[in-house]
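What follows is a single chain, given as structure tokens, in the form predicted alone.
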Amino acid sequence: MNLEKMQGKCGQVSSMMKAIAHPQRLMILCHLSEGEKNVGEILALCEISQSQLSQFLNRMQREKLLKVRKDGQFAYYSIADKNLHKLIQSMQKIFCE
């Protein structure tokens, strides 16, 4: 890999790490690494207020970390980037097992 390409990749990874560098956002992503979930499911798992969760989900969606699928009245969230999904799973193996 040439230096320019490596610098670009380092910039991408750094931005992603900054975006997930909050305990609650990381918790949400850990739960979503198991599969898509709706707001009610995430609320029950994370034990945070609906307002906080909404802010976290909106921010992560704006940063293209999450994708949302609407089904009737429900919105289902999942991890948008396969590399982020792999990163979260790797961190779980290292720190949670």
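None of the values given here were measured: they were computed from a predicted structure. Residue indices: 1-based, along the sequence shown.
The following text describes the form predicted together with the DNA, which does not appear among the structures shown.
Three-residue candidate spot H22, N38 and Q73; every residue lies within 4.5 angstroms of the DNA in the predicted complex by at least one non-hydrogen atom. Looking at K67, you'd find every heavy atom of it more than 4.5 angstroms from the DNA in the predicted complex. Taking the partner from the other structure, the DNA in the predicted complex has no heavy atom within 4.5 Å of any heavy atom of K82.
By the criterion of a heavy atom within 4.5 Å, K86 is excluded from the residues contacting the DNA in the predicted complex.
In the predicted complex, none of the heavy atoms of H31 sits within 4.5 Å of a heavy atom of the DNA. Annotation for 53 to 69: interface residues with the DNA in the predicted complex are S54, Q55, F56, N58, R59 [heavy atom within 4.5 Å].
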